[in-house]
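Shown here is one chain on its own, the form predicted on its own, set out as structure tokens.
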């Protein structure tokens, strides 16, 4: 189903973005990696090529929305289609009452406005392209689902982003648009390369392995999940669990039945240190 498709992954040079990009490339997809640092993009490209994947890179500051739009248009022109857009780029910073509000707002702009504006653009750009089915997967966070410590910028950004996506979902449903599909992924703390030092120092609690997050992303894109909203995390005594959240805009932030699936009951964070 995914072979020979075209995908763009923001923040694709490392972490969750690279993990998803690598998995997509392994399935025969031509993947375009978007990130700010060309050197990191070159290294990511080389890794994917070594694995036998097809990849291209597009260095850009993700906050330059017009530049990203030009990349999207260029990819579409070169290939005659765009099948997958992974809205992954983001950043986490602990922020408290002592943090200047200007810094809080800067993080909200990066983590909320940028991916929301890109999704808004993509929805409007492709909703009339009936021959082109576009799947937009946004990597949100558990912070979109609960209030967390030191999250004065990051928390509202992720909550606001998901709220915006559900409002876009409502408009798509109201207009009967079928060829643009929105998916949301809510990882708990993930054991990316950047996080491993914090994990080793026991500064981060209950991380989930990156592969579990990537697997959930791929299953979402393949419509192999019961909903289009999936939370993935490790829970002591249970292992790695997927929680399938309601995808109907009418159920957003309202009590609704959710289902859970234990995908790896044997995993513990100590496995990451072996």
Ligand SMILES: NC(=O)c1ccc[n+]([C@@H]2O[C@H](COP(=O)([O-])OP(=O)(O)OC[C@H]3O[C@@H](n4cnc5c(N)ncnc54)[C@H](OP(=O)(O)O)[C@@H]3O)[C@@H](O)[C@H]2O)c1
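Numbering follows the first chain given and starts at 1. Predicted model only: the values in this text are computed from it and were never measured.
Absent from the display: the form predicted together with the ligand. The rest refers to it.
Engineer: Does any part of residue 146 reach within 4.5 Å of the ligand in the predicted bound form? Heavy atoms only, please.
Structural biologist: It does not: once the ligand is placed as it appears in the predicted bound form, residue 146 has no heavy atom within 4.5 Å of it.
Engineer: Under a 4.5 Å heavy atom criterion, is residue 110 part of the interface with the ligand in the predicted bound form?
Structural biologist: It does: once the ligand is placed as it appears in the predicted bound form, residue 110 has a heavy atom within 4.5 Å of it.
Engineer: Look up in the predicted bound form whether residue 140 has a non-hydrogen atom within 4.5 angstroms of the ligand, and give yes or no.
Structural biologist: So residue 140 counts as contacting the ligand.
Engineer: Considering non-hydrogen atoms and a 4.5 Å limit, does the ligand approach residue 51 in the predicted bound form?
Structural biologist: Because no heavy atom of residue 51 falls inside 4.5 Å of the ligand in the predicted bound form, the answer is no.
Engineer: By the heavy atom within 4.5 Å rule, which residue out of 133, 119, 192, 95 makes contact with the ligand in the predicted bound form?
Structural biologist: The residue in contact is 192.
Engineer: Pick from 152, 165, 180, 89: which has a non-hydrogen atom within 4.5 Å of the ligand in the predicted bound form?
Structural biologist: None of the other options qualify; the answer is 89.
Engineer: For the chain seen here without its partner, which of 70-78, 165-173, 152-160, 99-107 has a heavy atom within 4.5 Å of the ligand in the predicted bound form?
Structural biologist: Selected range: 152-160.
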